[in-house]
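A single chain, nothing else alongside it, follows as structure tokens in the form predicted alone.
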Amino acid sequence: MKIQGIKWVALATAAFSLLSSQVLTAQGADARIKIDTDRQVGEISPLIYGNFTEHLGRCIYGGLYEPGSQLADEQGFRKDVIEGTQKLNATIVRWPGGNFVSGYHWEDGIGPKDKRPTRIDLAWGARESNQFGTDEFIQWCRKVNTQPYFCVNLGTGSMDEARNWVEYCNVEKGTYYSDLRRQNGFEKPHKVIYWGLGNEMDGNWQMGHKNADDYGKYALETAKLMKWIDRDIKLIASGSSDYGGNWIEWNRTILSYLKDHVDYISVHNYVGNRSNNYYEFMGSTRHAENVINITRGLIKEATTKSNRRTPIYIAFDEYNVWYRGAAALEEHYNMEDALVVAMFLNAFVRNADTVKMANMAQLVNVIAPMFSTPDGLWYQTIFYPLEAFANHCKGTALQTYCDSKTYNLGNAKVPYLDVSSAYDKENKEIIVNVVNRHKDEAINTDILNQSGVFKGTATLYEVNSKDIKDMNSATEHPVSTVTKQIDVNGNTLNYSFPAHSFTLIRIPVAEE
């Protein structure tokens, strides 16, 4: 009977699949996306919608901070940059670097501004005035309503320097550095929770570059001191960024040293379209997802030898499109760049069980979604997918089945549709994020709800333009978000995703 029952179920399933395919054919759908709210990946951390600021070019000076500008407030912070950051719903911002941090000594940037030293920044060959430092960054974060994420100098810096910074920021009073903060006008502690243990320390481009064992030992002892000052802080290990080297062994080695002391391991990835090959560029974020999956395995390997009771997560704390080599890294982004940023974000959502922080590099002017001028601020193409995700994609990430046509890239077949989805239980909505990689054709798609019905009015946020090379500027804005609404009722929503587009759909659901 069991065998017969299995056969009956198999036949019924096959019949249902045939019926489904006939329905799809009848409706002319070219692709299917299947959503099941019971197939959960993990909670989406709001921290995956973070950002990054570095003392590089016009990111800080002329970006966040421009005293004397008609657009700045009484503390010198650009009000339009604050407003743009709030629109992005940036939940966490990393500072002060980046490569810059490996030569940065935080005590240069506190106290009376007329007594702060000007230093040579060896990372980028500039002069650092230190007019914007720890207290200014904290004040800016409070205005934006974002979490600060500090990165300590483990290149040319000392262990004492790192733990003293924690004391300055987080101890209330009664110690040298906490009282120094109070003397500088900040009675209450800053309470900085997130701290990075150096930046890209495996890279030979880094000041104080170390091999894996040397970094692991140094970071371990620094981590101990920092957590002895404040046991509630979260520490991020410097994962490998040198993918031309033996990055897997680097991550394995540092996790073996730091498995009982860190809460995250960092991952960085920048991509570009140097060969001007559109479809190759559309497949570029597959590397990031591969790195996530391998690092997830390395974390599991390390924590099997640990007594810790909490997980280690991935902080993807630098990512973006970066390849044009423009002056001061002031890249001007086009439509295809926006699609790649959307695919990075899809990858983070698909891996929400492990990726619990991400920081687009950088916030303003330098490889950034926002661009400031003396007269105002305008938004680059990559602003819009990040804004849509950060404001609308929350809740629980779901395993998503997508069946669409593919194209060949090397030995791989890449689906034209790149998809992630989530279930927002609080608002009873399913969120579906879709990039149509096809350069020239719309893809008619059925979105199937396998655990309930769609019911109500769905809202769509679509980022697209006529040409993949379209760019925004201070005077022209061909790329932005268009909002649409469609009524839904039943377990299927049919939508034709335009060529070279990103679409986020919020669909109300009801139980059957």
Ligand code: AHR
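Quick caveat, the model's predicted, so the values are computed rather than measured. Numbers follow the displayed sequence, beginning with 1.
Unshown form predicted in complex with alpha-L-arabinofuranose; subsequent notes refer to it.
Subject >> Which of 340-348, 431-439, 91-99, 257-265 sits within 4.5 Å of alpha-L-arabinofuranose in the model of the complex, heavy atom basis >> reply: The contacting stretch here is 91-99.
Original post:
So, in the model of the complex, is residue 448 in contact with alpha-L-arabinofuranose at a 4.5 angstroms heavy atom limit?
Top reply: No - in the model of the complex, heavy atoms of residue 448 and alpha-L-arabinofuranose never come within 4.5 Å of each other.
Original post:
Is residue 282 close to alpha-L-arabinofuranose in the model of the complex, meaning a heavy atom pair under 4.5 Å apart or at it?
Top reply: Because no heavy atom of residue 282 falls inside 4.5 Å of alpha-L-arabinofuranose in the model of the complex, the answer is no.
Subject >> Partner proximity in the model of the complex: residue 56 to alpha-L-arabinofuranose, non-hydrogen atom cutoff 4.5 Å >> reply: Residue 56: contacts alpha-L-arabinofuranose in the model of the complex.
Original post:
Applying a 4.5 Å heavy atom distance criterion, does residue 228 contact alpha-L-arabinofuranose in the model of the complex?
Top reply: Residue-level check for residue 228: no, no contact with alpha-L-arabinofuranose.
**OP:** Would you kindly say which of 192, 144, 298, 361 lies with a heavy atom within 4.5 Å of alpha-L-arabinofuranose in the model of the complex?
**Re:** Exactly one listed residue reaches within 4.5 Å, namely 361.
Subject >> Candidate from 331, 418, 200, 167 lying within 4.5 Å of alpha-L-arabinofuranose in the model of the complex - any heavy atom >> reply: Residue within 4.5 Å of the partner: 200.
**OP:** Could you tell me if all three of 52, 124 and 322 have a heavy atom no more than 4.5 Å from alpha-L-arabinofuranose in the model of the complex?
**Re:** All of them do, each having a heavy atom within 4.5 Å of the partner.
Original post:
Is any part of 363-377 within 4.5 angstroms of alpha-L-arabinofuranose in the model of the complex by a non-hydrogen atom, and which residues would that be?
Top reply: Contacts from 363-377: just 367.
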